[in-house]
Ligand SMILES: Cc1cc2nc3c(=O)[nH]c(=O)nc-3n(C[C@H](O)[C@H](O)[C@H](O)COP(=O)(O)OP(=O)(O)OC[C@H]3O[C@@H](n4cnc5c(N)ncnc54)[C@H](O)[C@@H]3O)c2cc1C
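Take a look at this one chain, the form predicted alone, written out in structure tokens.
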Amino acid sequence: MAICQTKVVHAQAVADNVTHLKLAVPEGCQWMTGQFARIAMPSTAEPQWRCYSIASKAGADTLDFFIARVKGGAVSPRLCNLKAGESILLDTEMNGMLIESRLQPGGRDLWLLSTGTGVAPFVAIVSDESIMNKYERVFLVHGVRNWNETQYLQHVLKLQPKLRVMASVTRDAGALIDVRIPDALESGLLEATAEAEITPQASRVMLCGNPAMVKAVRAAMRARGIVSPRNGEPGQLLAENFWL
């Protein structure tokens, strides 16, 4: 563990329950696109650490996070109340499963399926030219309850011809995908909306979000022959459970 203290460079509420934090990158701190980090509030007592996916690509000027405010939570409300210039603790030993180089080489399409603030590592991935250049098309799907929870993406994502962003909105009207991601996948609505098919040959898939979504989509992908790397064998799917 390599604990250091750094500063908040920028803090902004981007949805009713989500705050975008930008942290100064400590000297020598490195990470890989798609990893997560542990952060905590400075405290005289034992710090309460929480893991958050990094929403900025490797080598970026800031370490970015999307923090979901958990009602009654011990840590997230304090993180969401941070202001620029305030201090925060960071564990610079990063981890994570969503490292694109772990995927089987090849594939035309990259599918990034997320719920809530689990979209963070995919914000990093679509900003990383070294990853985007490998694929002809990239589909970013964001599952939320209300439009307010996904609209901030239009301000943090760079428009690119090969990037297609689709919202799965279950409680507000107007979304092309108006059911949960697993249901949209099962019914064919997801692929019909994207006008693309998910296959082992053409597709590589990453999942990040609540465990129910990850479990259901992983099972659906397995039925298609799309599996995670295992026992040294390459795979076409990577997943990270992200509760918030």
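One rule holds for the numbers: they count along the sequence shown, beginning at 1. Only a predicted model underlies this, so the values are computations on that prediction, with no experimental measurement involved.
There is another form of this protein, the form predicted together with the named molecule, and it is not shown here; the text below is about that form.
Q: Using heavy atoms only and a 4.5 Å cut-off, determine which of A173, A74, L159, A84 is in contact with the named molecule in the predicted bound form.
A: Partner contact (heavy atom, 4.5 Å) among the options: A74.
Q: Indicate whether the named molecule has at least one heavy atom within 4.5 Å of a heavy atom of A194 in the predicted bound form.
A: No.
Q: How about L110 - does it come within 4.5 Å of the named molecule in the predicted bound form, if we only consider non-hydrogen atoms?
A: The answer is no: L110 has no heavy atom within 4.5 Å of the named molecule.
Q: Does any heavy atom of A58 come within 4.5 Å of a heavy atom of the named molecule in the predicted bound form?
A: Looking in the predicted bound form, residue contacts with the named molecule do not include A58, since no heavy atom lies within 4.5 Å.
Q: Does the named molecule get within 4.5 angstroms of any non-hydrogen atom of A68 in the predicted bound form?
A: Taking the distances in the predicted bound form, the answer for A68 is yes, it comes within 4.5 Å of the named molecule.
Q: Just one of 102-110, 160-168, 75-83, 135-143 has heavy atoms within 4.5 Å of the named molecule in the predicted bound form; which?
A: Among the listed stretches, the partner-contacting one is 75-83.
Q: Can you tell me which bits of 43-60 touch the named molecule in the predicted bound form, meaning any heavy atom within 4.5 Å?
A: Going through 43-60 in order - heavy atoms within 4.5 Å of the named molecule in the predicted bound form - the hits are R50, C51, Y52, S53.
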